[in-house]
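In structure tokens, one chain follows: the form predicted alone.
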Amino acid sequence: MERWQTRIDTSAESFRANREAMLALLEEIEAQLELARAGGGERGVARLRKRGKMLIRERIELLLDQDSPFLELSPLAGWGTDYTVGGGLVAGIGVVSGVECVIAGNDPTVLGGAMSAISGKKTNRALEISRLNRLPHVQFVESAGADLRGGGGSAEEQLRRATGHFGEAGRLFHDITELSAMRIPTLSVVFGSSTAGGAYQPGMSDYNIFIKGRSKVFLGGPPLVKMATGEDSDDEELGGAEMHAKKSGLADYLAEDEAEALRMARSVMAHLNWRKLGPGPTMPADEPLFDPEELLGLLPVDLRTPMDIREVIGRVVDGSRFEEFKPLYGLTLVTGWASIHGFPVGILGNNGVLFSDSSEKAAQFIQLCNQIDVPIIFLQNITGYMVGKVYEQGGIVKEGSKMINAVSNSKVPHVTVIIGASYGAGNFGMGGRAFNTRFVFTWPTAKIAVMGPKQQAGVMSMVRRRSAAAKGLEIDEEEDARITAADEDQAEKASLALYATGRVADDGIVDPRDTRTVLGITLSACHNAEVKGAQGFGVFRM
């Protein structure tokens, strides 16, 4: 493979300005990450410490193999809502006793670990990642059950939350048992109270570890039992760890303290006899020729300024080697072969709007990746498919549909990084979240929307003008300009990476310098399952 030769002048004023703008975005994100790591704040942490308990991230650190990485997923879930940043749940991918697994744990400093609409989304996403990638699932359970607060907003908003949360809770129970049926092990370590719906998490797990004097699992606590049956009971006899270990049989292992529970969890993972079904790395995993620091200065915050996606590829792939496929055809889409941390990959990256030729090129390349069982990396910076009379007559709908057909029916793992714009159907065609993409990450510069904020506001202005004309009314230009500016501002805010990640629409915002590491971890996770391409595709309209 040829090595990419950069054309970037790192001493240019534009590069310096891009870098400073990216660092400012990263500083803002780091401040939000600090809030997430703080959980329920000093008061919640102090209360947990007083009880002699570890913080959620301390528990995860003790579980993981020494010096192994932990890729936290959706750490800023809840941003921009009235929920705590992080959602009261920590989830991610780590290595335990040599086994790659998904770890998800309640943060008891946030509402006693109660499940909210945001933590429900994170929980279900963690289970989905386990299922899609065949990763054992470890749950740290310490939950007060469902968050029963009405929350702010209108009655309609509260109803949406309640019904959505109810569906998410039900899905949680379904997915835990589904993993077991798929021979994907599930393990629960119960660190505290786990009541009502939370009781079903260990109830449906393959392995359960309880802690003396700490773990309490029951469908209804003593007050509820008293109200329902008139029976008097205490926590221990109703749902204590020793009762479940000696009488009910719900507990498989009984630990003296949290540290022993975590050692037991490592032992359970060690005896799973776990084997990856996908191939290991087969290519040289040498570092790129170019400093990953340079990724900070490549992309302008103003996404209207073009950037050659090959510059990103050359700073992410092994040895900066990239064998480009069809380099003289469909120039607004870059396709080709490379490897990342030794894993062979096919890469699709945007260099502009998608035309008929670039869409056709994408469909062919995706089929080729499936023929040779190679995962696909999508690097999104896409305003969508080209519109206009000439392009419609030239078959953009037909060719764009071929590309989306190929993405939909592709069976090799897909991992997407949204580095810039991700608008309209371009999001779908370039491996968006809706297409069973294994992982979706964003850069701080990413913007995700139906269309660009300016275009969206302009379209709404046209709708208002046509409506007024149909009624024979004059448009108030000043009022229309005010509404248009407000629409554009709102659309801009709703398109930001922080807005999307706050609603668990992706798996997290990554520092551009960490892109290669994140892709390496996710590719390794994907290879726990068999990597096998599609045997056929749907009908391509010729």
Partner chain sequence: MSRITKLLIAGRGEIARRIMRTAREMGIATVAVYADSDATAPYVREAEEAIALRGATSAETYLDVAKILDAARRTGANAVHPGYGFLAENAEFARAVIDAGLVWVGPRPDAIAAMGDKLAAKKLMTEAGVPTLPAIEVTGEIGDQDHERAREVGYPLLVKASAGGGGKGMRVVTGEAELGEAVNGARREAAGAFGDDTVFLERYLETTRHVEIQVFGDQHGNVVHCFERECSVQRRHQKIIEEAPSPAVDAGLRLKIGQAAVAAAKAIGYDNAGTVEFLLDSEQNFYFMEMNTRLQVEHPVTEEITGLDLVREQIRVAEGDPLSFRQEDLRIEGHAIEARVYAEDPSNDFLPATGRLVAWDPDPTLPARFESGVETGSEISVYFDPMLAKVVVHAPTRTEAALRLANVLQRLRLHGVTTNRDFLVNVLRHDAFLSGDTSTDFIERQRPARERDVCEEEVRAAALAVALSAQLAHRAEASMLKTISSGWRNNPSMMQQVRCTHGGEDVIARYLRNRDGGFTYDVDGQSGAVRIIRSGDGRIELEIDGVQRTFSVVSVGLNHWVQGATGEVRLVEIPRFPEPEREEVAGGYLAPMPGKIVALNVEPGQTVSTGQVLIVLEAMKMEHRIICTEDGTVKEVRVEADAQVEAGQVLLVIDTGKEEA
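Positions refer to the first chain, counted from 1. Treat the numbers as computed from the prediction; the structure is a model and nothing was measured.
Omitted here: the form predicted together with the partner chain. The next part is about that form.
Original post:
Thinking of S68, A259 and H341 as the candidate spot, does the partner chain come within 4.5 Å of a heavy atom on all of them in the model of the complex?
Top reply: Heavy-atom distance to the partner chain in the model of the complex: all three under 4.5 Å.
Original post:
Even though the partner chain is not shown here, does G319 get within 4.5 Å of it in the model of the complex, heavy atoms only?
Top reply: Taking the distances in the model of the complex, the answer for G319 is no, it never comes within 4.5 Å of the partner chain.
**OP:** Considering only heavy atoms, tell me if G346 and the partner chain come within 4.5 Å of each other in the model of the complex.
**Re:** G346 lies outside the contact set for the partner chain.
Subject >> Close approach of M269 to the partner chain in the model of the complex, 4.5 Å, heavy atom >> reply: Contact check for M269: no, nothing within 4.5 Å of the partner chain in the model of the complex.
Subject >> Any non-hydrogen atom of V95 within 4.5 angstroms of the partner chain in the model of the complex >> reply: Yes, V95 sits close enough to the partner chain in the model of the complex that at least one of its heavy atoms falls within 4.5 Å.
Original post:
With the partner chain left out of view, which of K398, R465, R263, K454 would have a heavy atom within 4.5 Å of it in the model of the complex?
Top reply: Only one listed residue qualifies here, and that residue is R263.
Original post:
So which of G221, G278, P136, P75 gets a non-hydrogen atom within 4.5 Å of the partner chain in the model of the complex?
Top reply: None of the others qualify; the residue that does is P75.
Original post:
Out of 55-63, 491-499, 477-485, 40-48, where are the residues with a heavy atom within 4.5 Å of the partner chain in the model of the complex?
Top reply: Of the options given, it is 55-63.
Subject >> Partner contacts for 512-540, taking the partner chain in the model of the complex and a 4.5 Å heavy atom cut-off >> reply: In sequence order, R513, D514, T517, V518, G520, I521, S524 come within 4.5 Å of the partner.
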